[in-house]
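Only one chain is shown below, in structure tokens, and it's the form predicted alone.
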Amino acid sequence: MKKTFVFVFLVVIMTFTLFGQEVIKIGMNFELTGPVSGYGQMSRDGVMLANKLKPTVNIGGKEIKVEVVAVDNKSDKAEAANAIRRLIDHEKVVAVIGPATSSAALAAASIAEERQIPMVVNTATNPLVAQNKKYVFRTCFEDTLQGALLATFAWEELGAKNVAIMIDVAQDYVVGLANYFEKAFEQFGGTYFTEFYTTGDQDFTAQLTDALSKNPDAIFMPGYYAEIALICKQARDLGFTGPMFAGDGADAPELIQIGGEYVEGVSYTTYFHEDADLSPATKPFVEAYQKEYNRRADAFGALAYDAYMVIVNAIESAQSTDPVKIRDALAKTKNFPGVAGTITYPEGSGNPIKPAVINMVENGQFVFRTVIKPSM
């Protein structure tokens, strides 16, 4: 039987009969095209692998097929909202995976909450995505933790006391992460100053010239990979030799493809590296991913894989495809062996208690440095 996929990214779940066979749909609301399409494409691949390895759910002793449906939100907030409406209204979804970015996820989350459809995001880290929401969950950490870890890394590992921060004012994720870093860095006694740009900008000479006049010890780039790569190149061309570091937005192969030698030595926080021993499920996933795609597993795919798996786990725990019952089962998730770390949702929160990974670009590769576990 030939399968036709709707090209939109969002993971949806519903039960219906297809040629006499009962099927549950999971949809994907991901950034398949547009400025951050790398994130969505990696996320999609993680979900597709998860579906291949876990293609059915057991409800009442009966194995029911799970089919994934994709909707491309085009890396756009309005399109992300349209995608989730389409999947809820026309595909009759009962759960959603994605979007991968915070701005798109914020646009979709309010709709999921209003319609009481569980939504699990893989890499949208802005705290507002899940704040005061019952139906929104993550498989990643949130930016309050990420900002604090980056401040600790800058102060203790890099020895930075004065940091230049390059902020993309068009992205909620970037503005939020910069803010959390600033608060934590100040507590160490550090100083910082900010420079601003907008998604799609390619010339950062004016901002960097101003920044370098203030003698920063390091440059922090809480943005996305395309702009980070260009900022690194232009900063080095202007003579900056100090450390440059970033958040999880740097974690895409395009960073190295665009930046080349200029991103050598860049460190960044992320959620996963195949060499990090994050849970018993990590190694089998890495081997399956390599076999399926003939490339190294990445954080976006790993967390999207986990999002699919926690949803099907919740369906089986609830023994139902009722969205409210699935949501209740998700909220009770404890010690789930995710490939990017064990997942537990604290009472009243969709934010899991997760470790963070520090990677670095070395010889054109993303190299694992260390795992930082939360103190709680």
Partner chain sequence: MTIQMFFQHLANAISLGSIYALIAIGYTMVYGILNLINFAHGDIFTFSMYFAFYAVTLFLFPWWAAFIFAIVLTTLLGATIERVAYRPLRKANAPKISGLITAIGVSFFLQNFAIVVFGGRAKSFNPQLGVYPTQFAQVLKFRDVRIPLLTFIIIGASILALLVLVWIVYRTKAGMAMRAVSKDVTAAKLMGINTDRTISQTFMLGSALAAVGGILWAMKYPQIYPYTGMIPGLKAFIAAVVGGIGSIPGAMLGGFILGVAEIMIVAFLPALAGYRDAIAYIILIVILLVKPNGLLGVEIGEKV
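Residue numbers count along the first chain shown, from 1. Quantities reported herein were computed from a predicted structural model and do not represent experimental measurements.
A second form of this protein, the form predicted in complex with the partner chain, is not displayed here; the remarks below concern that form.
- The closest heavy atom approach of residue 37 to the partner chain in the model of the complex falls within 4.5 Å.
- Although the partner is absent here, residue 217 is not a contact residue: none of its heavy atoms lies within 4.5 angstroms of the partner chain in the model of the complex.
- Residue contact check for residue 128: none of its heavy atoms lie within 4.5 Å of the partner chain in the model of the complex.
- Mapping the unseen interface onto this chain, residue 155 falls outside it, with no heavy atom inside 4.5 Å of the partner chain in the model of the complex.
- None of 268 to 276, 301 to 309, 233 to 241, 185 to 193 except one has non-hydrogen atoms within 4.5 angstroms of the partner chain in the model of the complex; the exception is 233 to 241.
- This chain is drawn without the partner chain; in the model of the complex, the residue among 107, 149, 226, 165 with a heavy atom within 4.5 Å of it is 226.
- Screening 89, 287, 210, 114 for any heavy atom within 4.5 Å of the partner chain in the model of the complex leaves a single hit, 210.
- Although the partner chain is omitted here, in the model of the complex all of 33, 197 and 253 have a heavy atom within 4.5 Å of it.
- Residues are counted as partner-facing when one of their heavy atoms sits within 4.5 Å of the partner chain in the model of the complex; in 131 to 170 only 169 qualifies.
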